[in-house]
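Next up is one chain by itself, shown in C-alpha cells, the form predicted alone.
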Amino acid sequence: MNRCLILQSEVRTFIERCMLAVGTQPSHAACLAEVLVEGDLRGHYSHGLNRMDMYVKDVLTGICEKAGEPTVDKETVATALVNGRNLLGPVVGNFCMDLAIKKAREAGIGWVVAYGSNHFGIAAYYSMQALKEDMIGMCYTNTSPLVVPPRAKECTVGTNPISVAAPARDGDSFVLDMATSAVALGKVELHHRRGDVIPEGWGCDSQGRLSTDPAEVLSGGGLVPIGGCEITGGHKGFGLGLMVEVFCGMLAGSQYSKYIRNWKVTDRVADLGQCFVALDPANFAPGFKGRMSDLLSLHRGLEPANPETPVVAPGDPERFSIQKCRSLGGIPYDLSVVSHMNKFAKEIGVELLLPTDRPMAE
C-alpha cells in the first residue's frame, strides 16, 4: 500500500493553509489551491500538490509577491500587455485569461501577454476557461531553461508548454496540454523521488547523451525536445519551444531562454512571459462545434491496434482521470509525496496535515 486517497476539499484547504502560513493574500492562496488540485484531478501529478512547496518557498523568501493585483500597461480592443507584478502565476493567469475572454466577446479575439509572472500550474486550466464561453482558448508560457537543443549540451530552452482548448457539442471538447519537451520535468522528479529509472528519450546527461538515470538528467543534464534526438524529429520540438518564446518572452519583453533563472534557484525573480488567447469561432464558418464533435468521434471510433488501449483524443485521458477520482471519492496520491508535504507543512507551522489513513494499492 503505497498510495492513499485524499478528498479534494482536504487537499485544497491544506494548500491554502500552507500559503496563508507564509502570509499569502487569501484570495491568491485559494486561486493557487484550485489550480494545483485541478492538475492532480486531471492526472498531472507533476503540476499539483507535488509543486506546492515551491510556491510556498517563493513567497517565504520574498522572491514572489504575496499580495497585490496585475495591471495593464497598454491595450487595444483585442490586445493587452499585462504587468504580472511578480505575483503567483495563477493570479496572473486568471487575470489575463479573463481579460482575453472579455476582449473576444467584443472583438472576436483577445490576445493578452504578460511579463513579471511566475509558474502557473497546468496550462490547460487557463485555455479551458474559454470553453465556458463557447470559445477557443490558447495558453503558452516560457519557463526556466530545462531543455537541451539538438546537437547541444547546454539547457537554453524551457519546457514551454502549449495548450489549446476547443468546444464541441454537449459539453465535449478538444483539450491539448503539452510541454514542447519530451516530458515535463516533474515526471522526472517523481521517478527520481521513487528511485525509478526513466524511459529513454526523456532526458540526457551533461554531455547531451540520452540517459535513463533521472539523477543524471536533474544534475548537469537536461530534458530533450519532443522527438528526442535530431534523427527522430527533436528539431521539430525545439522549433515549437522557440515558437512559444516568440509569443511569450519576445512579445511580453520578459526574461527568455537562458536569461530566465535556473529552475528552483531563487536568486532573482523569475519574470516569466506568458500568452493567453480567446477566439470566438462564431466569427468564422457556422457549425464549428458540430465539426469538432465529428472530428473527435472520427478518431475515437478508429479500430485500435491493441483492443485494450482504445484511440483517444486530446483531453480524453484527463477526463478518464477525473472520472476515476469521482468514482473513488477522492484523489489517489503517492504516500511519499504526501509524507514530504506534511513534513514541509510542519516546518512552516501548519498543524492540520493531510490524512494518510485511507491506503490504496498502486
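Under this definition, the rigid core comprises the largest set of C-alpha atoms superposing within 1.5 Å between the forms. Just count from 1 along the sequence shown to find any residue number. On a predicted model such as this, the values are computed, not experimentally measured, just so you know.
The discussion below concerns the form predicted together with another copy of the chain, not included here.
- Shown without its partner, this chain lists 270, 188, 101, 252 as candidates; in the model of the complex, only 252 has a non-hydrogen atom within 4.5 angstroms of another copy of the chain.
- Here is the short version: of 182, 97, 146, 87, the single residue with a heavy atom within 4.5 Å of another copy of the chain in the model of the complex is 182.
- Judged by heavy atoms within 4.5 Å of another copy of the chain in the model of the complex, the contact stretch among the candidates 147 to 155, 210 to 218, 121 to 129, 89 to 97 is 147 to 155.
- Using a 4.5 angstroms threshold between heavy atoms, residue 232 counts as touching another copy of the chain in the model of the complex.
- Under a 4.5 angstroms non-hydrogen atom cutoff, another copy of the chain in the model of the complex lacks residue 332 among its neighbouring residues.
- When another copy of the chain is considered in the model of the complex, residue 263 lies well away from it, no heavy atom lying within 4.5 Å.
- At least one heavy atom of residue 200 is located within 4.5 Å of another copy of the chain in the model of the complex.
- Along 236 to 251, a non-hydrogen atom within 4.5 Å of another copy of the chain in the model of the complex is carried by 236, 238, 239, 240, 242, 243, 245, 246, 247, 249, 250, 251, in order along the sequence.
- If you fit the rigid core between the shown form and the other one, you'll see the Cα of residue 191 move by 2 angstroms or more.
- Residue 200: CA moves 2 Å or more between the shown form and the other one after rigid-core fitting.
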